[in-house]
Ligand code: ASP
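In the form predicted on its own, a lone chain appears below as structure tokens.
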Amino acid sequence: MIKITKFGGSSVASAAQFRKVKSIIEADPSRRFVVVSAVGKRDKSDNKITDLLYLVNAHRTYHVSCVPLLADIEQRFVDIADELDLDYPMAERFEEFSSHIADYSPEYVVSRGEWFTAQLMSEYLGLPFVDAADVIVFHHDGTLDLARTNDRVHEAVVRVGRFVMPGFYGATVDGEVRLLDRGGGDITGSILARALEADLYENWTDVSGFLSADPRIVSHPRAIRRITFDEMRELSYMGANVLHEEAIFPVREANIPIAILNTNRPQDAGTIIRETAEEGEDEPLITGIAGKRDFLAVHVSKTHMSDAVGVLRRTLAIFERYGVSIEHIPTGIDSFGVVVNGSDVKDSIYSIVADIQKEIEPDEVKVIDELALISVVGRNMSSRPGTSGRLFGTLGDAGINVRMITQSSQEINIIMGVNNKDFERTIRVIYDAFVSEEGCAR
């Protein structure tokens, strides 16, 4: 059995966290390949090394000395190496990096957070170090070359066997370092899992899997034990950020499950993400609830719109012209709405409305702002009659006005728009009625 283990920044934030990682790896011999993020925050007042390296680049851009900043970064690494009694010449290697800082590309500078972290973890675990720049291959247009990456991963396994590898970056065929998106260490682990046809991809972080609601809104929400890739993507897109949503694609195509686990509580069950998940007796109707505030909806009404051709297409082209991404499009017979992120149109909404009035000649254009979107996700909803009626009846009884409703074609989620001021209360009402132990018992 092969397990890929990826540890996030909080899992490698200090020497104490390194020790937890080692205990996890040694507890299971199938954990043969380790991917690490850069050293993260030790507490809420601390800084992530990656953030500090981005700040180094900003200092370079504006010709501000970054010597004190580099010294702070170096000390974080040196403290870990000293406390773990490692032989790796951390101070010497970092000073060599610092002395040539002006020669490096911005992406190379940022990638050194993962690179140094993996060097220390490699020695501490007694496993070979494999540089992601030698394995994760980018095309020159910035896209991943998965075929070449797959070949290089296998070459690395033949060459060294088990290994530790930094996440978040790779390189083009001519050696130019390229970064993945922020949180891209999750993607690195996923790519590695697919290349090695792993049995399981473990993503270790500082939470015990996905929670059914934001703990800042719902006190002690239920943990989600099993979730499908589709459900996870819906929740992630709406703000439930435990795993980088792009990390699911490589493993999903290979049917490799993902386990979200807690480095600080390795005994917790965590969450298993699979392509399908059989319904269990103890599972609530709703898997999870997530949402975001500050959306805006543009409602367009036009008599006999259903008989016209191209009205929706032409309207969407106007938004495209202004570079605005569309979130949702609830539709009716002679009307439709275009829901966008409010920040995306703060400087252009009046121009967009004017263009719609000129080019579409609608009967009415109405703008609704301060709209919050809440996604209620559950693979079991489609098979249980009356779910929507019960959901909206519950919100009506609570005096919450639902401004917009839409449902995915897969019928695994219902998205509703409410006023910003009702955002948190709506989530709590839904959670209490459908997800809490009392709600599930009804």
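From a predicted model like this one, the values you see are computed outputs, not experimental measurements. One rule holds for the numbers: they count along the sequence shown, beginning at 1.
What follows is about the form predicted together with aspartic acid (ASP), which we do not show.
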Among the candidates 337, 284, 362, 183, the residue which, in the predicted bound form, approaches aspartic acid (ASP) to within 4.5 Å (heavy atoms): 183
From the list 168, 163, 77, 204, which entry has a heavy atom within 4.5 Å of aspartic acid (ASP) in the predicted bound form? 168
Sort through 391 to 399, 373 to 381, 35 to 43, 59 to 67 and report the only stretch with a non-hydrogen atom within 4.5 Å of aspartic acid (ASP) in the predicted bound form. 35 to 43
In the predicted bound form, does every one of 6, 48 and 114 come within 4.5 Å of aspartic acid (ASP), counting any heavy atom? yes
